[in-house]
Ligand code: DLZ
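Just the one chain here, laid out as structure tokens, in the form predicted on its own.
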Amino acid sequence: MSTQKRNLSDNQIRGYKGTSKWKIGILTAEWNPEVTNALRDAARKTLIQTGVKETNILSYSVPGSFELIKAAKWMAEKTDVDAVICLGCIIQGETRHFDFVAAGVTDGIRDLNIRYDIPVIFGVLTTNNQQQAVDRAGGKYGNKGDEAAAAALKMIQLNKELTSG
């Protein structure tokens, strides 16, 4: 969603109906907490500002971005959420570990979207360095958590519109 040199968090989300009844899960990777906690906090703020009740936001932490997949699967199966937002941060290191984790998380979240009838939102930063992550977690490029919450709201609304008529 975010593009270079553009802050997409200034998106003024309006026009959603019935959000007070929507239930949304937020899963946050514990790895890189200064980044992932900022993503989580922005997502929560956006959801609450659009009318989602704080009590309808189920928020859990998982050890790392790779664990987001299993936790999102459990949340889809064991709760009545309308969407799951997965938030994490994978920063390029000196080894190929980054490639495997980033690809696995991307593929896993994609597969969950195909398998379940609720949106599973990809809010995982994949950056070359810490500064790029900070820039996308409330810095000069906005906050990916805010964007992930916006995506969840839009997808829930679309699902409800398609289901009702």
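These numbers come from a predicted model, not from an experiment. Start at 1 with the first residue shown and count on from there.
The same protein has a further form, the form predicted in complex with the ligand, not shown here; the description that follows concerns it.
Heavy atoms within 4.5 Å of the ligand in the predicted bound form belong, among the stretches 111-119, 28-36, 43-51, 136-144, to residues of 28-36. Although the partner is absent here, C89 is a contact residue: one of its heavy atoms lies within 4.5 angstroms of the ligand in the predicted bound form.
At least one heavy atom of P63 is located within 4.5 Å of the ligand in the predicted bound form.
Taking non-hydrogen atoms only, K70 never approaches the ligand to within 4.5 angstroms in the predicted bound form. In the predicted bound form, the ligand lies within 4.5 Å of some heavy atom of V101.
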